[in-house]
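Next up: just one chain, as structure tokens, the form predicted alone.
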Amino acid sequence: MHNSERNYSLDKEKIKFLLLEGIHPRARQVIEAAGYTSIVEQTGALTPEALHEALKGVHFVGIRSRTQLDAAAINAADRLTAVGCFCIGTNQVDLQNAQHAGIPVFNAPFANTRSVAELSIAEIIMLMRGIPEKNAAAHRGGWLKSATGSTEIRGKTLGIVGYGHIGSQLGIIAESMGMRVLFQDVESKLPLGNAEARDSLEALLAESDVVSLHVPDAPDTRNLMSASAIAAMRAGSYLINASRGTVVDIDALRDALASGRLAGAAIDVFPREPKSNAGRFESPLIGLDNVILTPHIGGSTLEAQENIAVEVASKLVRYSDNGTTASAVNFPQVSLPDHGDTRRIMHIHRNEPGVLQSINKVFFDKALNIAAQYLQTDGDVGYVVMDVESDHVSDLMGDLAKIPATIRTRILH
């Protein structure tokens, strides 16, 4: 990144936004309403080479789950100031490299909560009524009119693995429909409604008529539903996964479904997924009539996408306007008030001893008054924001940039 754009705020019409993968139009509306006019949108993800070229000169980029912002992409971005993931996960971004480059990454971790919970409830009902098999038979000219194996969800036990925003909301909806709700989480969580906690996954599996997974992608959740865990589920029970594709051993699940030990499953996420709608979907679960397969659409509702667009675009605008990094996933989190008539100086640096002392010495030597100062550190990076009662800060910025631990500096007028 050129020092001229590291150190000084640009006029809003010169700040460039790139929105990829068909982000909901409300994002553009939020950005434009804040006074930014240089916005480029593309409907799909880009190849690495095309992405590197497209990022040149871009200050803010918005992506969804298919764009891979790896170290090479971050290095190719010569003006990049912040990244907005218009989705829930951030696995597609090299968060550490972004942090070391002084680039905060924002997402919308809870905006699709209701959509995923509703899909899970719908799948529970469909599975317990045997709809996948009956639907498949009807499409082939069959007529499976029978109550055998078809039950109401009322009175059945739902086991929720991962009792966060989605899991807890699912529990409330399920309970309102007459289900008994159990949950298991690695952290101690306050039960909502009449939900009951279980101390272990094994205990939850042993009691549940249907198990719904709502955990993040993490080392301890990968292959969580292994062959042994699937074998520990109740005979004739159901499995729903609308969390991450790495959580379930798909081959073991197929065996349990094909043998009839499990009555059915609904899977929305997979270990390998097509890169686009033009790609071919392949899975060992294809062809099983007791399985609902959906193309990673748990949060794909117009309401969720609009919520995500507004939330993430607002975070990018606020960071650009006043330096607030609240809820950034890889960066020191600072929530800042408006800076009024002062000049706001932002200094991003390696988290090393003595940096704040060096910063304050620069101000002391220039005899400048700091009206307000905010500091937060996170791992390898520190973020200090100072509001200065002076219009003469050009030399000051140069001296701040010379502090050895400096990653980047920026003025907001």
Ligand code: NAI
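From 1 onward, residues are counted along the sequence shown. Remember, predicted model here, so these are calculated numbers, not experimental data.
Below, we turn to the form predicted together with this ligand, even though it does not appear here.
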| note | Residue within 4.5 Å of this ligand in the predicted complex by heavy atom, from D220, D341, D338, D199, is D220
| request: With this ligand left out of view, choose which of G102, G298, G171, G264 has a non-hydrogen atom within 4.5 angstroms of it in the predicted complex. | output: G298
| Contact of S237 with this ligand in the predicted complex (heavy atom, 4.5 Å) | no
| request: Determine whether any heavy atom of H165 comes within 4.5 Å of a heavy atom of this ligand in the predicted complex, and answer yes or no. | output: yes
| request: Spell out, yes or no, whether the shortest heavy atom distance between K189 and this ligand in the predicted complex is within 4.5 Å. | output: yes
| field | in the predicted complex, V269 touching this ligand (heavy atom, 4.5 Å) | value | yes
| said: Please determine whether each residue of F110, V161 and P216 possesses a non-hydrogen atom within 4.5 angstroms of this ligand in the predicted complex. | reply: yes
| this ligand isn't shown here, but in the predicted complex, which of 221 to 229, 67 to 75, 94 to 102, 147 to 155 has heavy atoms within 4.5 Å of it? | 221 to 229
| task | Quick one: name the residues from 238 to 277 with any non-hydrogen atom within 4.5 angstroms of this ligand in the predicted complex. | result | A242, S243, R244, D268, V269
